[in-house]
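Shown here is one chain on its own, the form predicted on its own, set out as structure tokens.
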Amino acid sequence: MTPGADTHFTRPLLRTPFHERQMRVSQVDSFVPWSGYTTVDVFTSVEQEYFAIRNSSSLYDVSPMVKYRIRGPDALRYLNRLCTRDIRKLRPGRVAYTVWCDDAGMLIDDGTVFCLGESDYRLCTGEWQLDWLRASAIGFDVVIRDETADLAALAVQGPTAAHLLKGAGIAGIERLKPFEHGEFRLTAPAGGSAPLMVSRTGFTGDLGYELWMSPGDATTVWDALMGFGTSRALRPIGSRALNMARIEAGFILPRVDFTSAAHSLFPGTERSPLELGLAWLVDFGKGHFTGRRALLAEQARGPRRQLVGLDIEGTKPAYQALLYTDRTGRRECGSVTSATWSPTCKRNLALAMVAAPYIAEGSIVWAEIYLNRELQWQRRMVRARVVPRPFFAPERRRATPPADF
């Protein structure tokens, strides 16, 4: 390359601390970018990886999750102004899912807040938010630091997750309750030791944990888990299998189910928490927060549209399908944002943004699906019924201690 040439578009993606270990077990060499890192899309097959989530244990690299440390005398007051949820209720050792909005009440992003101690928090998001967070911190005595590269993280999800972690050398993990975090130490039977922060959180809607560690301990933790778990159906998974599980759990995904109001290009494409079915995260009684006035006005007038769950006839996922009020397809009433065939539920599932007259449970809309039959495209209009979400919510996700499979 010519000296001085612009290298912005030739600079490779970053690699997580688990990259080399993942390369060893990747059979299809399928990678996708996430927050500037290269991550695995599929290791072997989507089906094998999906069933590991639901029937045994899965291992997913969440190191690219963007992590911000928020500390200072005003950390609590700042977060309570930023977020729609009442962060004052979050005690040390607890985790909370939350969202934050702009002044118009439109969603900027969602994430999890970890209370690490008095005036000490960690905010984890799927997208970079430092500019917004710092602009929102004007007038507050807080320090916000990006610590994404300082922490490696693994999600261990599935019905045998607690048994796996105990067997791999993490004692006492079965006592951790949902949305709690604590300090543990991995002492692997085959050798190796590493301090960990473990949270009972995840993106699958199943029993699961997330392990947070120093990047220097990443290979020790990976090897301990794989060493104990390979003969017990532990399987590393990629983002495609995880996406199927998160749809079953009814979880939303940025840039898929909503566009951040900070990045939307066209008016009207933003979404509010009320429209996304997240009204339970909006606490109007806690005092002022960014977007409160706009959300109060929206609540008073009622929703014009809402993200709902759909149960669709047939087995063909309704990827990005348009929705209509009847079978003729003359009048649109919404569109599908996420879709999958659920092997566990044996149902054709979707998340969809639907106009207000059709958001009530039991409402019927029609999805326009195109099928490729021997290189010929065929149009199908199939019935879709509005149903509650999550679609899949096993009792084991909350059981403490979990069953010892």
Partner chain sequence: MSSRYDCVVVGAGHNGLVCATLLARAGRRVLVLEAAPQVGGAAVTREFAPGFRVSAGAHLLPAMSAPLGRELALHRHGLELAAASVPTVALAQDGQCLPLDDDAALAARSPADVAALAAWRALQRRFAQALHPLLTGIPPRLGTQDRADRARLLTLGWKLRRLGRDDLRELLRVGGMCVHDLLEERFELPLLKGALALDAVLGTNLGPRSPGTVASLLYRAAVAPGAGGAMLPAGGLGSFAQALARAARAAGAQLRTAAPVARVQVREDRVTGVVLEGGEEIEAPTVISNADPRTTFLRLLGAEHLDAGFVRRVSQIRSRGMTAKLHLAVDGVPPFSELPPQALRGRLLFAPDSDYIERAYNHSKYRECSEQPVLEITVPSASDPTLAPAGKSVLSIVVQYAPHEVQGGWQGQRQAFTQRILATLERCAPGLSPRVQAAQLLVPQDLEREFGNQGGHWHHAELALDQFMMMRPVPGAAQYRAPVDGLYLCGAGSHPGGGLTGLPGRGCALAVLRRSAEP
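Just so you know, these numbers come straight off a predicted model, no measurement behind them. Residue numbers count along the first chain shown, from 1.
Below, we turn to the form predicted together with the partner chain, even though it does not appear here.
Asks: Report whether the minimum heavy atom distance between D131 and the partner chain in the predicted bound form is within 4.5 Å.
Replies: It does: once the partner chain is placed as it appears in the predicted bound form, D131 has a heavy atom within 4.5 Å of it.
Asks: Can you check whether I138 is within 4.5 Å of the partner chain in the predicted bound form, heavy atom basis?
Replies: Yes, I138 is a contact residue.
Asks: Spell out, yes or no, whether the shortest heavy atom distance between R331 and the partner chain in the predicted bound form is within 4.5 Å.
Replies: Contact check for R331: no, nothing within 4.5 Å of the partner chain in the predicted bound form.
Asks: I'd like to know whether Y324 contacts the partner chain in the predicted bound form, with contact meaning heavy atoms within 4.5 angstroms.
Replies: Outside the cut-off, so no.
Asks: Select, from the options 88-96, 283-291, 202-210, 173-181, the stretch whose residues sit within 4.5 angstroms of the partner chain in the predicted bound form by heavy atom distance.
Replies: Residues of 283-291 come within 4.5 Å of the partner.
Asks: If you check R232, K166, R77, K316 against the partner chain in the predicted bound form, which one has a heavy atom within 4.5 Å?
Replies: Going through each option in turn, the one that passes is R77.
Asks: Looking at R305, R122, R240, R81 here, can you tell me which has any non-hydrogen atom within 4.5 angstroms of the partner chain in the predicted bound form?
Replies: Checked against the cut-off, the match is R81.
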